[in-house]
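Heads up, the chain below is alone and in the form predicted on its own; it's given as structure tokens.
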Amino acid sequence: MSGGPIGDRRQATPATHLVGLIGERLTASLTPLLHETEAARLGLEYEYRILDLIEMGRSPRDLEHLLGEAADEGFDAVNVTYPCKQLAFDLVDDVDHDAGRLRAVNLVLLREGRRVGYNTDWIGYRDGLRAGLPDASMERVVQAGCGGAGSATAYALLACGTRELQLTDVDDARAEALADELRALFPSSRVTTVFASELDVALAAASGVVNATPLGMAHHPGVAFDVDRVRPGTWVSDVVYRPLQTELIRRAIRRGLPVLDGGRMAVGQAFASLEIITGVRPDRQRMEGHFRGLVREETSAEEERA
């Protein structure tokens, strides 16, 4: 194992919730401020530390040691993000029901010498979908992207009652692998894969479409599918939240389609994590407003520099 300790060895006081985020390239993460600000408003002592593998000179292979160090240093929990979610699943002593079905963990509670794993990504998308598109039809949904985010959104869609889910990905084998997993978990729903050549036909018959690919990010522009191919009234969802109004969302708005931007999922997973860690229910609407304000400030600053 290489690299230094995970922090500056400050021990958390018994009244303080000490939480970390383990992953790579986390400097721009909004999660610490989102957690700490809401915790303060709830009257909680709460500290959230970034534990960037690259900055610490560590690798994903060190995750087990890092979890041990976090427990020794008084951390209550750690969020885990790319590239450690699947690794974390194999390192917990117990796992929440849905995280076990997803086989991916993005939150590890460190309690009484044990590690308990949760997945709040799917919860974040589910709750965002229910709040942002309460009347969305779940008859037939097309989703582009079958990676980590896509696994969580697909699981959430089926948990919300999607009758038919059609998956597409640049890697056909990855789409089929996810479809196989989901068929076993949701036998009453129909889960199929769609080749790129068949996508336009699938879009035309969909009641909802989801982008779970990185396309649309500020440094990864583009769209995963042509929103002009969908029927009037079809809802459009994006997991990308930087920017909140991706090219896909802008095109859908111009067509007058119902939309769900990626901010809903981002806030939802933070909301769920904070509640699980502290046992106190945050104010979701307040967190949503704070998050959107942070993204707007970030976008304005980038436009001024451009």
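Numbering starts at 1 and runs along the sequence shown. It should be emphasised that the depicted structure is a prediction, and the values quoted were computed from it without experimental measurement.
Omitted here: the form predicted together with a small molecule. The next part is about that form.
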message: Taking any heavy atom pair closer than or equal to 4.5 Å as contact, tell me whether residue 241 reaches the small molecule in the predicted bound form.
response: yes
- prompt: Does any heavy atom of residue 140 come within 4.5 Å of a heavy atom of the small molecule in the predicted bound form?
  reply: no
field: Touches the small molecule in the predicted bound form: residue 147 (any heavy atom, 4.5 Å)
entry: yes
task: Classify residue 166 as contacting or not contacting the small molecule in the predicted bound form by the rule of any non-hydrogen atom within 4.5 angstroms, answering yes or no.
output: no
- prompt: Looking at 226-234, 70-78, 166-174, 202-210, which lies within 4.5 angstroms of the small molecule in the predicted bound form, counting heavy atoms?
  reply: 166-174
message: So the small molecule isn't shown here. In the predicted bound form, which residue out of 215, 87, 133, 159 has a non-hydrogen atom within 4.5 Å of it?
response: 215
